[in-house]
Structure formats: C-alpha cells, structure tokens
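Starting off, we have a lone chain in the form predicted alone, written out as structure tokens.
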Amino acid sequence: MSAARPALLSLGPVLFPWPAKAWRDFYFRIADEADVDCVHLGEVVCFKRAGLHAQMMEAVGERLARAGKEVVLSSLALIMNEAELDSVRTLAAKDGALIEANDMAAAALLAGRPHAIGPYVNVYNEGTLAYLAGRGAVRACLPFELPETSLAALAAASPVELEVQVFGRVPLALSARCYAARARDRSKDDCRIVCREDGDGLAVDTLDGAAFLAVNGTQTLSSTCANLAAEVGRLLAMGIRRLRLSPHAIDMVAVAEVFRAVADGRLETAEADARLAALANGMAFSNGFFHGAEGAAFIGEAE
C-alpha cells in the first residue's frame, strides 16, 4: 500500500453506556460536523447494554450515511451465552453495512463475505492476517498493544487494509465478571446496568492513590488515553492509513480536527499534543505500547 494515499479517520464504537439521548446527539453531531471517514456503531462490551440504543440505531446510521460517513456495525467482543451468540447471528445476517467481527465466532459467521476484523481479535502475525483475508476480511484493526516493529511487519505483508487506534483509553481486558456491579455490591445478573453511572469509566487507583486503570462494566481500560499524534507519520509511512479514534465524552469533533491536521501535515506534534491535552478532560496520555515500553508511558519525540 502506498504511503502517499491519504489517511482515513475512523471513529470506533462508543464503549460506554451513555444515556440514549446523549448517545444519539453525539452521533448526530459527528454526522454533521466531524471530519471522519468511517463511524462504527454497535455494542462491543456488554450484551445488556445493546437495548439502550437499539431503537435509535437505524436513525443514527441513516444520518451518518447521509452525511457521507461509511457506517460499520461492530459486534460483541466476548460471547458468553446463547442469547449473545444469537445477537451476533442476527448482526451477521444483515445485508448492506460492513460488519466488524470482534470475536472469532463472529468472524466465522461472516466467512465468505466482505467484513472487517476488530481490534479484539488476536492478530499477531502475517499468517493470521492471510487466513482472515482468505475468509473474506477486507480490513483489520490491529490489537492495541502491538509495538511499532510488529505493526511494520504486519503492514509490509498484509493483504488487507490495516487500522490502528491513535486516540482513546486502551481496552486491556474483558471479563465474565462485572466489576462495576461488584463495586456496588450487585451481582452481574442483577446489575441494572449500574455502569451508566460511570460516564467514561470508573477510575481504579492503586493503594497509594495513583491512577491505575478504568473499569467499564466487564471491561478493563487503561487509565491513560492513547495519543499517537506524534506517531501518525510513521504509521502512514509503513502503509497503515486507517487511524481510529475511540470516543470519550469530550469534544470528539475537535479531536478529529487535530488528527486530520496531523495526518495532512498541517499541524506539528507539539501543537497537536497541546490541543489534545486541552480537550482530554484531564486524562494523561500514553504511547508506550507503540514504542515497546510499558503501555502507560508517554514517550516524547526525542526519545
């Protein structure tokens, strides 16, 4: 793939159980104002949340499509029971929109037709990419923790378009247990979607009071916010032109403007970082995984 091709900005699925109106209004604004090429819709983290926005999904998808955005439907990342598998079967049976498989069960259901592979699928080598491409995958968002050397090796051999998350808290794990429910002395079965109280996730500190992780229901996220603005040029040079922004309850239109300007070569890294810091609502930045260091580290250009 040529590094001269323009970058494509994607907005990943909202990972948090925002109130229905806030969720709808967020996507309506993205449709009307955000300079992104592709928008992912769908519940990735918890099957129970899917009903929160189901009635608005079609209207939101149509609004985004009318605005010229490619709409991709993302599947659950962890399938635990037959009802959840049925929901993935229903998603896989849809015609029209491209579907992103975030679990190998979804990938199996989508085999033989064009589909995307999400970052929750363990794509760590060229053989896996070739296998998935042979079953119909047309693009893949690579796992969050891969270092630059691995990204470059995969990009050099990939038969499909590749994408990397360049902004947003990094999903680290999914569990059968719900931490948000447990923190409030509720069972997972009787959680009543209590994670709605946590906005962009429930902060988890160390015993010494240092920021450590963020809990999003059954999902564990980094406390830090990935920021690969300084690494965008290197990603594009290795042939990875799809850049994913993971939504938070901040001005994501402005975040997209920053990354578009960086990708177009119109904004220097220092200014980009300053603008993003002003937008990030206090989240510390990290890029350690890209540099082969601890994931929470933020390594400057000179290093």
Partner chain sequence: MSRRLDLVCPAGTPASLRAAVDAGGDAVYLGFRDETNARNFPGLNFSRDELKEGIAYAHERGAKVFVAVNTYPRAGNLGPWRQAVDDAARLKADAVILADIGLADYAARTHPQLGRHLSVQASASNPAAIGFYRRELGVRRVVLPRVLTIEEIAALNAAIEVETEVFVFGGLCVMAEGRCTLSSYATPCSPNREGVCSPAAHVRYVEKGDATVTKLGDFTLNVVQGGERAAYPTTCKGRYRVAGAERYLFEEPASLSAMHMLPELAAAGVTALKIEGRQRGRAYVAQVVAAFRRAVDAVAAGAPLPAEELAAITEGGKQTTGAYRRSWQ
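Residue numbers count along the first chain shown, from 1. No experiment lies behind these values; they were computed from the predicted model shown.
The form predicted together with the partner chain is left out here; the points below concern that form.
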Honest question, do L41, A50 and Q165 all end up within 4.5 Å of the partner chain in the predicted complex by heavy atom distance? no
Proximity of S74 to the partner chain in the predicted complex, heavy atoms at 4.5 Å: no
Contact of K94 with the partner chain in the predicted complex (heavy atom, 4.5 Å): no
Applying a 4.5 Å heavy atom distance criterion, does F289 contact the partner chain in the predicted complex? yes
Indicate whether the partner chain has at least one heavy atom within 4.5 Å of a heavy atom of D200 in the predicted complex. no
Quick one: of L98, L172, I193, A133, which gets a non-hydrogen atom within 4.5 angstroms of the partner chain in the predicted complex? L172
Pull the contact list for 110 to 143: residues with a heavy atom within 4.5 Å of the partner chain in the predicted complex, in sequence order. Y120, N122, Y124, N125, E126, G127, T128, Y131, L132, R135
